[in-house]
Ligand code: ASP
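Consider the single chain below, provided in structure tokens and representing the form predicted alone.
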């Protein structure tokens, strides 16, 4: 049975500066009589900035503290705009960023992924401290929750795998009491904690997944993800004109779209909601009164063509050195390597003496994978490619999107067409 709690997720763009945080507070005023769990991402481009701190520390470039100081000052400036010069938030922020200083003061003893999670996760800690403080400042009934206390993962750093049993127990123990005296609970997306109290992250853009985890655990009435677009669109408006908003989607269609790379919601978000039939609304924080897109149980809808474009793709052409067939034994080994280095295969094709896969460029991981494969296989690597996927395609639509491109790899399956392409070099007559 659903309870009355709703779950709202606000991404980095919705809390990027003081005005954006005021806007979130205004949105929440319209729900002042409701119980809402609020999941928040790091502010603006903070995650990218903290990744640079990690890289500087790992490579010993000497500027890790300077890069961190810039991030700190940006947060202090937002707090000053919201509260003035005197407020307890400044002490809380200082205590939050000290966690990074403790890490980078010492020589690196731990692996890159572990260090990444301990540093980058602080972005979410800082943004939620500021938002919770501002909501209280505005007179709203709110408490702050450390997500690491309720979302338990294994120690796969940068892609923590959720222990649903322990997470369920922790949520039942800790969350209901928070709503007894407060209507709003603010917590972080993207992060969790191990049994040993180390911080983990749930994969890039994992805040949506955090929201789905907590909606599932709370048996929430609904989950709303607030974005800078009016809902789920038929294509990226930065790449295409005349995109349309889709009013309703089935869980199945949403899973298909996110699997092929649609960025509106994280791929892991849908399944926990479908399991408990929790409706998902994708709404606009720019136009809060807009209807957005509803994702729910199967609906009788005829969908228009939907386009997903994934840049920075790499084709790996793998073949045996002795020109023997690629057998199940070879494939088993190859999939083990992709799993070991946590590289998601976007497309694949098995031929008699070759196996071709399309993956997203992850330089540090491919730098480990490729030498491993070259020990036993011949390898040809094509970079700087684009993966275009069209759901509910028509021939005319495919022809339009492939014009002026070389198709290196294509696949048609269940109403979905995918192609890996590169631009045809423009030839100018002498």
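The model shown is predicted, which means the values in this text are computed figures rather than measured ones. Residue numbers count along the first chain shown, from 1.
This protein has a second form, the form predicted together with aspartic acid, left out of what is shown; the following refers to that one.
Visitor: So which of 163, 155, 205, 146 gets a non-hydrogen atom within 4.5 Å of aspartic acid in the predicted bound form?
Guide: It is 205 that has a heavy atom within 4.5 Å of the partner.
Visitor: I'd like to check something about residue 42: if you look in the predicted bound form, is any of its heavy atoms closer than or equal to 4.5 Å to a heavy atom of aspartic acid?
Guide: It does: once aspartic acid is placed as it appears in the predicted bound form, residue 42 has a heavy atom within 4.5 Å of it.
Visitor: Taking 4.5 angstroms as the cut-off for heavy atoms, does residue 124 touch aspartic acid in the predicted bound form?
Guide: Close contact exists here: in the predicted bound form, residue 124 approaches aspartic acid to within 4.5 Å, heavy atoms only.
Visitor: So in the predicted bound form, is aspartic acid close enough to residue 389 to count as touching (4.5 Å, heavy atoms)?
Guide: So residue 389 does not count as contacting aspartic acid.
Visitor: Spot the stretch among 197 to 205, 133 to 141, 89 to 97, 313 to 321 with residues whose non-hydrogen atoms come within 4.5 Å of aspartic acid in the predicted bound form.
Guide: This holds for exactly one stretch, 197 to 205.
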